[in-house]
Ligand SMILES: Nc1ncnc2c1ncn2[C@@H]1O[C@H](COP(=O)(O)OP(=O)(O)OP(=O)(O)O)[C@@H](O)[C@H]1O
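In the form predicted alone, a lone chain appears below as structure tokens.
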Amino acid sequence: MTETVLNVAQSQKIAQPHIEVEHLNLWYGEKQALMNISMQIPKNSVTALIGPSGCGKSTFIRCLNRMNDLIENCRVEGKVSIEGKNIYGTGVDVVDLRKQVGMVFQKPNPFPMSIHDNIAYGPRIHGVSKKDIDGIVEASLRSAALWGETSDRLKSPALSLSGGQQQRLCIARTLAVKPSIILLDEPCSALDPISTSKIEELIMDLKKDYTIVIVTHNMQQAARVSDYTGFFLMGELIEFGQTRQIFHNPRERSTEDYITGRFG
């Protein structure tokens, strides 16, 4: 299996990847959760990660902003480079890294404060001057396709928004600190079809300015929004390539079985 993974990774070489993962392994205590993952993700693209529950997708994306550092007895080996710099190397400022690599979670998690203050929170703690805050709030909400729905109620509680609006608010909050990469961990799993459609449209629009990695159990969603797809199974990256190739001409039998619903 490892030889197959390496061959697939090598066949997908990208001239100047935004994110390059080389031989990544991760353990929770004695349990190995990721096994020899290698992947190159190009800039201004959407990469979808698919696979059964518990196969390592969410664990993997948390390696890209070192969120797994917060888990006791978690150990990482290998290399993750962003714009050529190994984020697991010495002297890396993890706060700066998480500013560069924003993350939106499965369940919308707005802060218990106003819509405006949700967006302003990040820039404030990073020292942005008060006179610039309002402009950042508006620009972030516009980028998240939420300004038209909230411009007249910025002082209202964020929790008064619908679930889909709350998720777009969380995306706007991420954009406010000017990341270059956005990680989305099943961002639509708690949303209705209309809200899901709005998030998908937003993802496709945002890739003009950001590199996006999305974990999804919805294979139709992966096919709709992504340029590249990686199939994970039991902690291994089984196959990675352009989404059209993965869905229409997978190289591995297990990929085909998962996509066609034979297992998972």
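Source: prediction; values computed, not measured. Numbering starts at 1 and follows the sequence shown.
Here the subject shifts to the form predicted together with the ligand, a form of this protein not shown in this document.
Chemist: Work out which of the listed stretches, 196-204, 37-45, 221-229, 51-59, brings a heavy atom within 4.5 angstroms of the ligand in the predicted complex.
Modeler: This holds for exactly one stretch, 51-59.
Chemist: Is every one of H23, M67 and I182 in contact with the ligand in the predicted complex, taking contact as a heavy atom within 4.5 Å?
Modeler: Zero of three within 4.5 Å in the predicted complex.
Chemist: Please identify the residue among E186, D117, E83, E149 with any heavy atom within 4.5 Å of the ligand in the predicted complex.
Modeler: None of the other options qualify; the answer is E186.
Chemist: Quick check on V95: any heavy atom within 4.5 Å of the ligand in the predicted complex?
Modeler: The answer is no: V95 has no heavy atom within 4.5 Å of the ligand.
Chemist: Using a 4.5 angstroms cut-off on non-hydrogen atoms, would I71 count as touching the ligand in the predicted complex?
Modeler: Flag for I71 set to yes.
Chemist: Enumerate the residues of 18-33 that have a non-hydrogen atom within 4.5 Å of the ligand in the predicted complex, in sequence order, or give none.
Modeler: Sequence-ordered list: Y28, K31, A33.
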